[in-house]
Every structure is written in C-alpha cells, then in structure tokens.
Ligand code: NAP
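In structure tokens, the next block holds one chain alone, the form predicted on its own.
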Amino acid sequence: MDVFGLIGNPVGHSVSPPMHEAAYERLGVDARYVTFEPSEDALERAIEGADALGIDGLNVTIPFKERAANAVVPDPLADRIGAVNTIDFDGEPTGYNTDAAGLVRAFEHRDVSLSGSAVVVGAGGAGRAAAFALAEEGVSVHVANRTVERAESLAGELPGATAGGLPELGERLAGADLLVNATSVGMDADETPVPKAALHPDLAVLDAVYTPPETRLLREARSVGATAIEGVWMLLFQGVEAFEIWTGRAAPVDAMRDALEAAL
C-alpha cells in the first residue's frame, strides 16, 4: 500500500484527505492519505522521517511551505517562488509548488486565455504563487498590496512586472485581462479588496478564497458581466496536480471535485 499525506500545523481543517482518497477509490489505487502535525521546529526531521519510513508523497501547508523549499530539492518553479506544497519521495525528495499549477488549470478549466495583463492582489505566499505562475505563462503582471514595499519586492523578481498599492486598483484594472485575489479578504466577512467600480466585463476574476464558495468579489464580478472563478477550482487542481506527480496517472477530476464539495 502506498502512503501519501499532508504535513502542517494545524491540519485538522484540511479537506485534502477525502479529495485524494476519492481518487484512489475511483482508480482502484491501493493507497491511503493521512495527516501529520509536527511541532513548528520539527519540519526537517519530519520530512527526513517520512523519507526513511517509505512514505511516497506529502502535501505541505501552513506554516511550512517556505521552509520545505530548503528541506528538499525544489524544482525550478518552486525554487523561484520560494515555497513548496508538494513533495515526491521517488528518489531524492523533490519539491513542487502545485498552487501555481492549480491557478493555471483553474483559469484553463473556464477557457480563459492566459495572455495579456493580470493584477494580483496580495504579495504573500498565495500571491507569490499566482504571480510566478502567470509570469511563466507570459502574462504581464502587476502586484497590488496594502504594503507597497512587499509588492515591489515581489515584482522585482518577475520580468517586466510592476507594483503598487490598493488605491491604484481602479486605474490598473481598467486595461487588465485577469484579476487574482490572493489575500484572505472575503473569507471571514462579506468584504472585497477590489472596488466594484474597478471591475469590467472583459475581466476574468479568480478568488483564491474558497470558503464561502461565492465571495463578494465574485458576486460583484458576475454582476458586471466578468468571468468569475471560484477558489475551489484552484484548490481542486492543486490536488489534481499533486496526485498526478505522485502516481503518474491522470487524476479522476470529477470524483475529486465531488469529494471536495461534500467536505466543504
């Protein structure tokens, strides 16, 4: 039996176990997906132990994504992002950032062309993954953040990227093709980091927040005729990407989606 899992602290809220186990059941894979919650100072020892015990793969979540990039060999994209959320133990432990792939696949699932220009709101971990993923696709990226210095720091790592504060969103979004909310705004209250007046019908809007399923940002995006993409699709496709890295098989996306929706 293969063993995969999630390492983080805390992990009790995670919906990854039912999503992955639904995939194993659908394809008849003899595997289990379990959670591990080491103390915050034990990440490196936990990864070494997982490797020694023959665990096949791990997802990595808060607060370990950045440190995991230094505990394994990251692939080139994960290395540039500076964060790992998937580890494959087939050979030398290798780290990937499937958050980036999840974002790309979420846009592609809605037939959104990854071209032109994008505004990424937020310069934290999710913002970094989004900005690097879009830049890899050849999209021109503008990073907007409450703390402008953090936005400028991230933009400085991307070819041709620009940065600014939140008050400039209206101006920046006027000619943009894509918008990603990579902050937690909208998760705990009916709020949005983007004024409705800045939205327009030619925009594709992805909100990385997945609870609630429809945030205020997405609701307002739909009201002006923009394409609205729920964060659950990014969550789903980062898991799909991890499954495919670990098993080398095409993931049963529908089964994983159904399990994810049931868990949420």
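Numbering starts at 1 and runs along the sequence shown. Values in this document were obtained by computation on a predicted structure and should not be read as measured data.
There is another form of the same protein, the form predicted in complex with this ligand; it is not shown, and what comes next is about it.
None of 195-203, 46-54, 31-39, 228-236 except one has non-hydrogen atoms within 4.5 angstroms of this ligand in the model of the complex; the exception is 228-236. Taking the partner from elsewhere, every residue among R150, A182 and V209 has a non-hydrogen atom within 4.5 angstroms of this ligand in the model of the complex. The contact residue chosen from R80, R105, R146, R172 relative to this ligand in the model of the complex is R146, the criterion being a non-hydrogen atom within 4.5 angstroms. This chain is displayed alone, yet in the model of the complex one of G138, G124, G156, P167 has a heavy atom within 4.5 Å of this ligand; that residue is G124. Although the partner is absent here, M187 is a contact residue: one of its heavy atoms lies within 4.5 angstroms of this ligand in the model of the complex.
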